[in-house]
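Quick heads-up: it's one chain on its own, the form predicted alone, in structure tokens.
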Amino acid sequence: MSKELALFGAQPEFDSPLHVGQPNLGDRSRLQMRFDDILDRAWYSNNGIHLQRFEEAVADFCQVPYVLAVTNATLGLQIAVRALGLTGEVIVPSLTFVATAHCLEWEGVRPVFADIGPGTHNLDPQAVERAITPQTSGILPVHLWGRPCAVEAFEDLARRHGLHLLYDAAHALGSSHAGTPIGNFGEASILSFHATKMVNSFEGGAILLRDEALAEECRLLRNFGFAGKDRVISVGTNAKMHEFSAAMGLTSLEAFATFAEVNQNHYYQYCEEFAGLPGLKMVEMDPLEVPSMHYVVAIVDPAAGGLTRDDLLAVLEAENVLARRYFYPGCHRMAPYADRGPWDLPVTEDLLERVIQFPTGTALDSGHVHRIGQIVRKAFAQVDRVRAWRQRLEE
């Protein structure tokens, strides 16, 4: 720990940036074989063999009967919103990627933000019930960080108030609740296979469903409303995943166990590296649940350790460690939703100032994590210097 921090003029600890969501690859030779097969078949889109295999693999992995792979998770959410006929208002968290709100706004539905639970970081069922109005048509919780929502409570709310229930499960591939894989709750769940996700298809997503009629409606919406070769029976869009993305998704999904083990090892090593540090607490995993291990999340407490989350981010970024403050500043503070407030979200707003994500994934090894741990310890050992530097910068 003798090296000076880069914040004070030393060379960065890492020559190349370490990202929170640096892509995982899987078996490169297997991926290339699939690419060659696609090129040989000259069938690049429109329900090719690799798309069919990918959907089957995801359905088997998540133990759901219907999976529709789509261009991205945002379009998956939009299609589900339209297929369910959502109108008026839908209740969502603000602590999420803005696509969760935008998918509603794009479909002419008003997002209404409710607060999260103080320990779960997920939408609080009690806050949701308080937000229900005669205009409410649905609830759209997010399995944040891959930690399962209070699914029984939301099922009860939806049933009692006659509301639709769908889930943003962008972080939750591989997560389960009480032994049941995420994707089997509500009327639909939407996965993301964006390049930054643990399993990726370069860019992509999937709609997971249990109802055959709803799956067929989503299938029509995904492909221009086509119900046959030249028969269009409804309005639709183009949300089809192409063969190359499906091939990447298959290859990535085959390596899920490896990716999950790497991320889990990184998580527990981070816990060891940060052990005993006042002011930095890892977000714990519920021992009764299976999370996806997609993110390494911690909470910064300036009252205990002297550093704010943004102080720590400045230290890490100077060292080429590109930690993140997801999902700052919160959807309710972004356009166009900020002008519709004020929003009463005290737990959300507190967490948005303190949450931090550390790099993980197969691009890192235990040595990287140890060096990040050393940087963080040096920062907390020099609280006054770090705070003074940031104060001068702000002036």
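This structure is a prediction, so every number in the text was calculated from the model and none was measured. Each residue number is its position in the shown sequence, starting from 1.
Beyond the structure shown, there is the form predicted in complex with a small molecule, which is absent from this document and is the topic of what follows.
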Go through 125-133, 312-320, 186-194, 247-255 and give me the stretch that gets within 4.5 Å of the small molecule in the model of the complex, heavy atoms only. 186-194
Any non-hydrogen atom of residue 19 within 4.5 angstroms of the small molecule in the model of the complex: yes
I'd like to know if residue 296 sits close to the small molecule in the model of the complex, meaning any non-hydrogen atom pair within 4.5 angstroms. no
Counting only non-hydrogen atoms and a 4.5 angstroms cut-off, does residue 43 reach the small molecule in the model of the complex? no
Using the partner position in the model of the complex, report whether residue 137 sits within 4.5 Å of the small molecule, counting heavy atoms only. no
Here the chain is shown alone; which of 97, 274, 267, 226 has a heavy atom within 4.5 Å of the small molecule in the model of the complex? 97
Here the chain is shown alone; which of 209, 170, 80, 182 has a heavy atom within 4.5 Å of the small molecule in the model of the complex? 170
